[in-house]
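Below you will find one chain, with nothing else, as structure tokens; this is the form predicted alone, and questions on how it binds or moves follow later.
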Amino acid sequence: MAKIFCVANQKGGVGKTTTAVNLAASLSGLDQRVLLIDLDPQGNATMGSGIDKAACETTVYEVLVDGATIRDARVSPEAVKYDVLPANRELAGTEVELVSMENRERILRAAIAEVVDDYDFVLIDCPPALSLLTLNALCAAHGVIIPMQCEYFALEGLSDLVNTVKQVHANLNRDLAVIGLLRVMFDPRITLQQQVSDQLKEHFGSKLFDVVIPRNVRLAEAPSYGLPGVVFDKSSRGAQAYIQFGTEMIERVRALAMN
């Protein structure tokens, strides 16, 4: 049965999609069966996995609104070893359509339940907002991975997200927990980033992943080729860090299962 994790942070530009596609690529490279769900109307995780989002006839929109199944909509791109439930700009109107639906915050959870035995990991790339789409992801997930830059404003937004996770845990999904915080785009030469990293260690302790993702040009270039950085240039510092992150995720899941 799959472990379901959403990659979430309401702040934009913090590396959610980069983390989602590279973690999916890393885990699949470690012989894990992975489904990546693109829940962002921008469709960047879809494009970053080598899929033409405009050519997708069935997407996560049809799963959420029209009752299509994930088996109907998922794609197995040639460029990567994981499956993708794609998204495109159609998803932008979903918020309005979901409002009138019963159990609107649990639609994605029900859809994933049908394929939960097909995978070891289901990863959900969330939009940069605490929206109804993000709420669907939080209600479906066992845990939240929070990528964040070590900057002052990132700390400000982090408390809002952690409080939202607590509320969803208390009211909608008792399985939900923060699995860990991932430091991304890290530059050890910048004193402020070191200071924020130390604050995160102090406040979150074991919730902070050991792996730190460095700021890396090859990771930034990879999406323009429709590839995760792990596939585009496996030898780059950024790719190697995400491969280590995949290993740490597997270890953390095993440790949680034993507790």
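When you see a residue number, it is the position in the sequence shown, counting from 1. What you are looking at is a predicted structure, and each value in this text was computed from that prediction instead of being measured.
The next section is about a form of this same protein that is not shown, the form predicted together with a small molecule.
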query: Partner proximity in the model of the complex: residue 216 to the small molecule, non-hydrogen atom cutoff 4.5 Å; finding: yes
query: Close approach of residue 146 to the small molecule in the model of the complex, 4.5 Å, heavy atom; finding: no
query: Residue 14 within 4.5 Å of the small molecule in the model of the complex, heavy atoms; finding: yes
query: The small molecule contact at residue 220 in the model of the complex, heavy atom, 4.5 Å; finding: yes
query: Contact residue in the model of the complex, from 32, 58, 42, 197 (heavy atom within 4.5 Å of the small molecule); finding: 42
query: Residue among 80, 185, 137, 123 with a heavy atom within 4.5 Å of the small molecule in the model of the complex; finding: 185
query: Option from 228-236, 63-71, 208-216, 188-196 whose residues, in the model of the complex, bring a heavy atom within 4.5 Å of the small molecule; finding: 208-216
